[in-house]
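Single chain ahead, written as C-alpha cells, the form predicted alone.
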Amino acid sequence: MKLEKAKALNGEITVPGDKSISHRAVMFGAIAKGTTEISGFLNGADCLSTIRCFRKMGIEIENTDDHVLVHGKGLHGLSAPLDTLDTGNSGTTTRLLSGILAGQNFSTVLSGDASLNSRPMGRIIKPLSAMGADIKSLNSNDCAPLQISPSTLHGIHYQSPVASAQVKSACLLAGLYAQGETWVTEPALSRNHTELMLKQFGASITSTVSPDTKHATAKVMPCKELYAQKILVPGDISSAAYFIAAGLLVPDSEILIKNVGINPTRAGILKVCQMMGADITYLNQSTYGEPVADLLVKTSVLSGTTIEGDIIPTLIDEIPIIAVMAACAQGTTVIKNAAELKVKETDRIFTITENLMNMGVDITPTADGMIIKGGSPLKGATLNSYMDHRIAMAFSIAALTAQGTTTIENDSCVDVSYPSFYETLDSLMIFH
C-alpha cells in the first residue's frame, strides 16, 4: 500500500463491530440454550476463526449480511471435533476457548498459525491447571498447540500477575463448569466484556475493584445453564482509534465516527487524547449492554504526555497509534508499564520503534515502553508491518502526515480486524 500526505479528511463513518465483543457473543451463544442473534458482528479473520471452531464442535452458525445467528446447545452441548481446532492468528479464540474446553467431556487440540503458536499460553495453562484442567503444551514450550483432555474442575482464587482480560476470561469460563466459586484478582481492572456479557446470558458473576489497591476481583459461580440473548455489538474503539488519530493529526479535518463502544475498561485512548489536548466531542451517548457514543473529532495541536499505570490495560492495543500521535505532538511522550506489548502479534516495542525511526522520529525503546520526542516532521519511508494489523493501520495514519510517499508492506494483515480499512480511509480524503 502506497500513501501520500493528506490535505484534509472530512466525513461520517462507522467502524466494524468490536472484536472482543464479537468473539464472546459467538462463544457464549454456542454454550447457551437457544438462538443468540448478534448484530454488528465483526467479520474479520480472528472472529471467523471463532465461528469455524464452534462449527467444528457441532454448533450451527448462520452468518448473513444483517446478523449472525448462533444456535446454541447449552453448556454441555458441544461435540468432539474430528480434527484440530484451527484458531488462526487469534489469541482471544485460543485463550478463551481453552477455558470452555477445559470443562468438556472430550479431548481437543488447539493450534494456530506460526505467529499464534509462538505467543505465550503459560499464563492460562497455570491457572487452568490449578483448577484441575488437563491442558498441555504439545511442544512443551508453554505455547500452542495445546491439548485439552477431560477432567474435573474445581474453583480457585487466582492472583493474576498481569491485568489480562484473556487470562481472566479463560478462568471465569472454566469456572462455569467447576465445583465451587472461582475468583480472579488482577493488579488492575482489564476489559470487562466477559463479566458484562456472561451476566446478560444468566451467569452468577460479580466484579469489584479495591479503592485502596485498585486490584480488581471477578467471581463466578458454577452454572447450570446460560440462555440465548440478542447482542448488539458496538463499533470497535480499537478500530475507531486510527480515525480519531487521523482526524486530530491531518490539517483542516473533521470526522464523525458513529456508534463507538466507550466502555471505560477499553477507552483509555480517549483519556490519553484528552491529556494531549484533543478536540473530541461525545454525541448521542447511550447504553445497551455496553456504553456507546458518536465521536466528533477535529484537527488539534497535541502535546506530549506520560502514559503509565492503571490506564495501560485499557489501551494496550492502541499504543501503536498513540505512538504515532506522540510523534506528531509537541514535546515528549513517555509510555511505561507496557511490557505486554512484547507478546502481541509482534513485539510491538520493536516494530513501533523501527518504523518510527525510519520516518525520522526520535524514539528510544525501553524495557516496558518507549520515549518519543515529538514535533519534528515525519518523512515517507518503506515500512514493514510484520503482518501485524495494528502496526499496518497505525503507520498508514502516520503516512498521512509525512512528507513524500510511504509504503506499507504486507498491508493485507488489516483483514484480521478491519477488512475495509483502506476503503474507509479513502472515503474521507479531500483532494482539492
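Numbers follow the displayed sequence, beginning with 1. Note that this is a predicted model, so its numbers are computed, not measured.
Only in words, not in the display: the form predicted in complex with shikimate-3-phosphate, which the text now covers.
The partner is not drawn, yet in the predicted complex one stretch among 128-136, 220-228, 325-333, 163-171 has residues with heavy atoms inside 4.5 Å of shikimate-3-phosphate: 163-171. shikimate-3-phosphate is not shown here, but in the predicted complex it comes within 4.5 Å of a heavy atom of Arg123. Although the partner is absent from this view, Asp317 contacts shikimate-3-phosphate in the predicted complex, with a non-hydrogen atom inside 4.5 angstroms. Within this chain, Asp113 is remote from the site of shikimate-3-phosphate in the predicted complex, having no heavy atom within 4.5 Å. Interface residue remark: Glu181 is not counted as part of the site for shikimate-3-phosphate in the predicted complex, having no heavy atom within 4.5 Å. Contact annotation: of the candidates His71, Lys344, His215, Lys199, the single residue with a non-hydrogen atom within 4.5 angstroms of shikimate-3-phosphate in the predicted complex is Lys344. Checking Gln104, Ser253, Thr92, Thr351 against shikimate-3-phosphate in the predicted complex, a heavy atom within 4.5 Å turns up for just one residue: Thr92. Shown here without shikimate-3-phosphate, the chain has only Arg191 in 171-191 lying with a heavy atom within 4.5 Å of that partner in the predicted complex.
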